[in-house]
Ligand code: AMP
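So this first bit is one chain, no partners, the form predicted alone, shown in structure tokens.
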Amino acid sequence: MTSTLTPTTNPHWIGAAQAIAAADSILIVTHLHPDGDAIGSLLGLGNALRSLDPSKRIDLAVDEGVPSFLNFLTGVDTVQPVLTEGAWDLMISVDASDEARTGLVGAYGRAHSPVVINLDHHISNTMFGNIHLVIPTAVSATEVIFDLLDSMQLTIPSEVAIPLLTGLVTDTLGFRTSNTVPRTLEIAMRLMQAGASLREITARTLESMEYNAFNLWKQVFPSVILEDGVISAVVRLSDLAAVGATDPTDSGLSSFLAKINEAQVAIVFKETLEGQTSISMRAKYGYDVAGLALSLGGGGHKQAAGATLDAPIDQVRAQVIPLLKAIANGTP
């Protein structure tokens, strides 16, 4: 495949291609509580490598498996939720900023793979692994995969294009985030020409919600507070239990709250089974929550970022809300 686009320069493109070519067995993993970009990256790269050489063993894994709203992607039935056996010549971590984010499957994979490729787009990436394809200017990990496949001159079939476009669409919130540039749309066009439907992907991801997720929203709406440009909500384990939910995500609640006119930033605090607190932040154009996420041990983008803290939810809320107010009011 010959590209008319200019990929981001990275010294490890050749090293990554050589490692992939030399490996007879490859494990691909992504981060905990996966989103559209995580699964799009996992399946986009996995499907591409399977079509490149059917004789290679390509295994895909993510803790807890694939979220149901992404079940339309080709290859979801091959994604393993746990790893208890096996060894690989190469492991590729996609869309994970650090080793802990890859969970139990990542830990097992690293212990049973001599070479690790770290493929990501988060500025907070810790540069773990042996070969780095970390491009902070990319809007999604699937953009990095697109450039990797382009550098290898591989044709992109529809079963690869669809998950790659899914990552672009979900991580840019439908091409609306401030890091969306003309090249983002050029890549989207290329993927559409390869068989990916922008309309279908948008409908299945950004315009889709299960009724149980809506019940969770109803459960936590009484916790919503708007203070000095910051709108927040709290999701406790008791809320999940009340509606019979097992999905630890907020199903896009933070993005929904960010639409409130009087709010500059939105945050959802989520209590986890591990006794930690996960935060999901969104910001309107002109405001930046990525720096705060990074300072809290997380990461993300200016308008969409998050972190997980080892503290009770009320303590985290008391710590973070004043910092977000400073961001919303334009003070350091």
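Residue positions are given as counts along the sequence shown, with the first one as 1. Only a predicted model underlies this, so the values are computations on that prediction, with no experimental measurement involved.
The form predicted in complex with adenosine monophosphate is left out here; the points below concern that form.
Residue heavy atoms within 4.5 Å of adenosine monophosphate in the model of the complex occur in exactly one stretch of 22 to 30, 54 to 62, 40 to 48, 295 to 303, and that stretch is 295 to 303. Checked against adenosine monophosphate in the model of the complex, the candidates 97, 113, 170, 232 yield a single residue with a heavy atom inside 4.5 Å, and that residue is 97. Looking at residue 307, you'd find a heavy atom of it within 4.5 angstroms of adenosine monophosphate in the model of the complex.
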